[in-house]
Every structure is written in C-alpha cells, then in structure tokens.
Ligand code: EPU
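Form predicted on its own, single chain, as structure tokens, below.
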Amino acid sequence: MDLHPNIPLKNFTTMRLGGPARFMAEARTQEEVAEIYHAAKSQSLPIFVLGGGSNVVANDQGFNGVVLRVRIPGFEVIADDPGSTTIRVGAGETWDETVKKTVDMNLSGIETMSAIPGTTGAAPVQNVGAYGQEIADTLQSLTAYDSQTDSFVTLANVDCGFSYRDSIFRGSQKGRYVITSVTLKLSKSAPQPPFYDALQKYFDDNGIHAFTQQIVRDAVIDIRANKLPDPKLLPNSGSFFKNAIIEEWKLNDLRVSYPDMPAYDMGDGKFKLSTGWLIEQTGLKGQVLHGMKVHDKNSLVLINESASSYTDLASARDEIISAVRDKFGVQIEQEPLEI
C-alpha cells in the first residue's frame, strides 16, 4: 500500500479540472481498503473514494485528504438456474466490460447500460441507469467496507435506498461505505419490447424487429456514440444534469404553454422531464459559457472547451440552472458528485 502525495485530480477526472489530492492510493484487495482507511485515520485525514472519475468534478482547492481508487478485480458466476444467472463482480472492474461479459453470456438486465464510463463499484452509488434499466433492477447485494464499524458488510438491495440516480452512498450514508463487489441477478430471457422511446425509435428507423442482448447493446453503443462526446477527446462528465422530477399538477400547468413537453410517467403522480429539452428551450444549446460548451447534440452534457478552473464550471452550471428556473419554474440539479 502506497500513499502518493500531491496528485493533480484533473488527471483523474474526465472533466479535466481540479486541484491536487494531498494523497492518492489504490486498493486492489479488500484488505488494502481497510489498510488505507487505518492509515488515513491515524493521520486524521478524510477519504474520498474515486472510481473512473467520469461522474465526479473536483474543485480548485483539491482534496486535503486521501483519494482512494478502488481497483479490486473479479468476475464469477455464483448461482445458476434455468431462468437466471447470478454473478459477483469486483468493484474495480470497468462497468462496460462487465456489461459486455454478461451480454456475451446471453444474459439480460444491464445491456442498455452499455458504454457508460466508470467502474462497477461506482454504479450503485448513483444508481446508474439508461434507456429503461438501472442497476437497482438487478443488484441483489453488495459487499462494502463500513468505515464506522471497521468491518466488511453485505448490504441487500433494499438496504441501499435506491431511487432515481440516488442511493444511501451519495445521500444519508455518504462517505461511510466503500463498495468492494456487487452481485447481480440477470435473466436468461431475450430482451422484449416495448423499449425505452429513444431505443425503440432506433430499432424502428433501422428496421430491427428481432432482439437479442447483443443487438440491444450494439444499438445503445451507436446511439451514445452519436449523442455523447468521448471524454478522451472532449473533456466532459457525461450527463451533467439529472432529469427533473415534478408533480402532475406542475406538468399540467407547463403543458398549457408547452403542449409538446416530453415527460415520462413514474407513477405516484410524479413525472420525469427531459432536462436536455428544457435547456434547449432556453436557447443555450451549443452555447459556450465560461469556457464550458453546452453540447450541440445533447444539452445535458457540458464540454470543457477552455475552462481552466472549477469556478468556470460552477459559473456555467449556475447560469444554466437559472435559465431553466426562470423559464419553466423547474429546479434542475447537477448529477456528478463533487470532491
């Protein structure tokens, strides 16, 4: 176990911004996770767990503690029956590689989450999802280091407090747990329509009427490649804003003025709006604010064209939030976590 000093966080986050971490360490085993926590505690240093850096933005001051990068490997089948297969995956495995392996096994449940950057252990933190699937649908349990009790625990799905792009790991228990592995139960049945609207449109436009896990994965990869910039080429954090959730009465009010406003019924009188559509209606699509460009193919995405600081990013974010609030009376929220 090595603690490396003064490491620039901009080199480990896909937005390419942020000051230095006082220390950075990698853990490739559960035991190393505990050792790093013990070392940090002995020096009264806080810890921030960093996955692939694709859903995190770092501030200009950096982090006056230990940034822990979990790199625990592993992929194994732990149960199998006629209808499903259960796998356990190390938190350090690349998420898209996990998806690819399950698709190669003809398993369903996470195929529409193809090409999402980041690590498998980070997926439950924000309840990663795309095109109608989210990890809460298939996660059976996860193992984690509990920093409060200095022990390794198993949390069932119900313990994780999953909701739209949220969980206890970024909410009520933020900073307490370090996820070391996840266990997913996936179906052996082929994907079946109806699919998420954007995915169904792709199939219709391309004359695809028979579906396998690989066909769905290929479609999602193609859709994402056309609407989301590659962070290796254009620094970005993927979808920078969450889709807004509003009450039915608010949607009815808005549709008086905006009858074509897209919305997805989430049940219980709540509807999910397309925040990308809201931003586009403000006229900011394609605009550059403080060096951050609102992506001209997907207004949820902010691209770092020339921003040199987190302050630039925050200024652009706040202007976009204000523009949407002023036009629609809807408060949108940032999706990436902050160091």
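The first residue of the shown sequence is 1; numbering continues from there. Not measured: the values here are computed from a predicted model.
From this point on, the text means the form predicted in complex with the ligand, which you will not see here.
Participant: Counting only heavy atoms and a 4.5 Å cut-off, does the ligand in the predicted complex sit next to every one of Arg224, Lys285 and Leu300?
Facilitator: Each of the three qualifies.
Participant: Is the gap between Ala136 and the ligand in the predicted complex 4.5 Å or less for some heavy atom pair?
Facilitator: The answer is no: Ala136 has no heavy atom within 4.5 Å of the ligand.
Participant: Is there a heavy atom of Glu280 no more than 4.5 Å from a heavy atom of the ligand in the predicted complex?
Facilitator: Yes, contact at 4.5 Å.
Participant: Wondering, does Phe195 line up within 4.5 Å of the ligand in the predicted complex on heavy atoms?
Facilitator: Phe195: no, not in contact with the ligand in the predicted complex.
Participant: Could you tell me if Gln173 has a non-hydrogen atom within 4.5 Å of the ligand in the predicted complex?
Facilitator: Although the ligand is absent here, Gln173 would stay clear of it in the predicted complex, with no heavy atoms inside 4.5 Å.
Participant: Please pick out the stretch from 246-254, 185-193, 75-83, 226-234 that is in contact with the ligand in the predicted complex, where contact means heavy atoms within 4.5 Å.
Facilitator: Looking at the other structure, the answer is 226-234.
Participant: In the predicted complex, which of the listed residues (Lys242, Arg88, Arg71, Lys100) lies with a heavy atom within 4.5 Å of the ligand?
Facilitator: The residue in contact is Lys242.
Participant: Only one of Gln43, Ser308, Ser274, Gln61 comes within 4.5 Å of the ligand in the predicted complex by heavy atoms, so just point that one out.
Facilitator: Contact residue from the list: Ser274.
Participant: Heavy atoms within 4.5 Å of the ligand in the predicted complex is the criterion; list the residues of 8-24 that meet it.
Facilitator: Heavy-atom contacts to the ligand in the predicted complex: nothing from 8-24.
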